[in-house]
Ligand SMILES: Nc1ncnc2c1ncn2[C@@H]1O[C@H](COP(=O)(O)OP(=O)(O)OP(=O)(O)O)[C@@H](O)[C@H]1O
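The chain below stands alone and is given in structure tokens; this is the form predicted on its own.
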């Protein structure tokens, strides 16, 4: 973190220094977790549904924090403010003003934000010191915390920007003031919160709208709602996708036997071949988005393609492959789910089976949350897709996902089997009794369903019983 005196923090937050010398400097990273305090860092006391950070302020200082950001006195060095979360944003905005040599890049979209952020971090790190969020730090807490990790040598700052409603991304942009922004897609994920896909699109468009005239907007030309954002920004627009008019174009896309996307990238007359060592066709689109940002900051397409060929997955539970000694391949994609990502995962599972003779496909699917009134229709469509793709066995977990089971079971032409179980424990039991060597098992649901426990048990289980 760029050092700030407590007096400066008090000034930008309209706060008051308590129990400390105003000249005391905060030079370490900020955190909302007292167990994760950096030396001379800033502890932000957030009051949540299950815990109040103020109760851990003394512990944070004992662990090395220089001071705390609080809304009530805590008896240790602190800056007293009306709202610690809002004050955190104000501190981050103050630090942002000192990042004169840093390009700040925002990423948003209905899915793929974290994977694209991970790829971009790996690309831009070869172009200068780059900071990006840990995991999915993409809200009014995560974005400021990430920004406060920067230093004078930081050349690129990548920020993932999520939204739960209108104005959320605009607020994040007011703090971070990005010069570049990438919009990946607008889907039905979170339509339960936004009401319609169009409303979701309007929320995502707040990123390109916030970009300055000298900035760059990277837009997915394959998504009509995203493509239309070109008319909502003052920034220079670079498009990407399979669309024939895309500036950075994906051509000849296919999946290898291992499930890796192999394709050609073209940009301004240059062409480069890429095979990304990540599972799923959708990774090509994430890779193209990252590549478009990378060339926009001045990297060479050939170098970018070479780097994409050596990337690694850094965020867990996103098409995370685990192959057991008996040949069972478990794809742990349990971090989250929406209709678009569910379709992509099922198509990848079917494609992998084509390259592994004799392997059965088993899809363990749970509920997709936040779909509002479209929930039944979207789950029903996933069940029908599983049948069309020829998935051998479908294990549906939880009452909320029942429409997947009903839709699949109703297809008389399907030679497969669908089973509905109430929870993750029953799913694990079912799998232990039926998984056999060389099976391909996909595990996917919204995060709250907790199917990562099923994937972990399956990976760790050394006993395989034939059906």
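Positions refer to the first chain, counted from 1. Quick caveat, the model's predicted, so the values are computed rather than measured.
Although not depicted, the form predicted in complex with the ligand is the subject of the following passage.
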May I ask you to choose, among 319, 221, 229, 74, the residue with a heavy atom within 4.5 Å of the ligand in the predicted bound form?
319
Please identify the residue among 393, 156, 324, 190 with any heavy atom within 4.5 Å of the ligand in the predicted bound form.
190
Determine which one of 267-275, 142-150, 229-237, 111-119 lies within 4.5 Å of the ligand in the predicted bound form, judging by heavy atom distances; exactly one does.
111-119
Report yes if any heavy atom of residue 210 sits within 4.5 Å of a heavy atom of the ligand in the predicted bound form; otherwise report no.
no
Applying a 4.5 Å heavy atom distance criterion, does residue 138 contact the ligand in the predicted bound form?
yes
Residue 335: touches the ligand in the predicted bound form, heavy atom cutoff 4.5 angstroms
yes
Whether residue 282 contacts the ligand in the predicted bound form should be assessed with a 4.5 Å heavy atom distance threshold; does it?
yes
Under the 4.5 Å heavy atom criterion, name the residues of 155-181 that approach the ligand in the predicted bound form, in sequence order.
160
